[in-house]
Ligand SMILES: Nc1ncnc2c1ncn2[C@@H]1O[C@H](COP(=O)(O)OP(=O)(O)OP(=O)(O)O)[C@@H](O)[C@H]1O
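The data below hold one chain only, encoded as structure tokens and taken in the form predicted on its own.
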Amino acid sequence: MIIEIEDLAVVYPDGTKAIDGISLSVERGESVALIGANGAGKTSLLLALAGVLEAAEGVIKIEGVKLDAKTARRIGRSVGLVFQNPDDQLFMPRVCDDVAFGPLNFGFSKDEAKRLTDETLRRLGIAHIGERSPLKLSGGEKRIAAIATVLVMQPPVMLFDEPAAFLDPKAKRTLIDLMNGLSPVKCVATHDLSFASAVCDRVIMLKNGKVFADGSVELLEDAGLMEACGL
């Protein structure tokens, strides 16, 4: 298993239990959609997996390594998080600077960071925007640039928070093709059920911070189950 979660609980400072005793595992090669109503715990689970939120209880293991204060940086190399809003991820003067930021922060030489950046931009078909300011990009271009900032580190696990949000149909189709071509394990938190069906082979439904259902994407066709989950 590449991801193992045992009895995970995440509690916010106001006492709200965002994640309430979740246990699950994800194998290599899986693409998992996390779906549920607002407040179900989708984003909180992604943030816990990325080490942004600390577990109040339970254990998270990535590639067999327990996530804690001592291993957080090491696991940071293995888990990439693409935020819902690309503007939270793109903060440098140029796209190429944003993509190079991760490798440089992890000690890669400038030459190696540039090589990885150029390679990633070409792979994603956005080499032509590498010198542009993120402020000058379309919504779809920003989304792919944000993915580039994570993919450049070649993590075995990629986490996506509402990646299709606010995209027009053409940009959404481009993103679907892109994500289906990515080899890392993908965990995708989304309200967009058609997008989930297009890029994932497994669905985990969350309700009130707990796993409500877990199975193939055919679960999305069960109207009664979806209604019971609050969708």
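So that there is no doubt, residue numbering starts at 1 and follows the sequence shown. This is a predicted model, so every value here is computed, not measured.
Keep in mind that the form predicted in complex with the ligand is missing from the display, and what follows is about it.
Although the partner is absent from the chain shown here, Ala18, Thr43 and His191 each have a heavy atom within 4.5 Å of the ligand in the predicted complex. Among the residues Ala37, Val52, Ala56, Val59, the one placing a heavy atom within 4.5 Å of the ligand in the predicted complex is Ala37. Taking non-hydrogen atoms only, Asp14 approaches the ligand to within 4.5 angstroms in the predicted complex. Only one of 59-67, 196-204, 43-51, 169-177 lies within 4.5 Å of the ligand in the predicted complex by heavy atoms, and it is 43-51.
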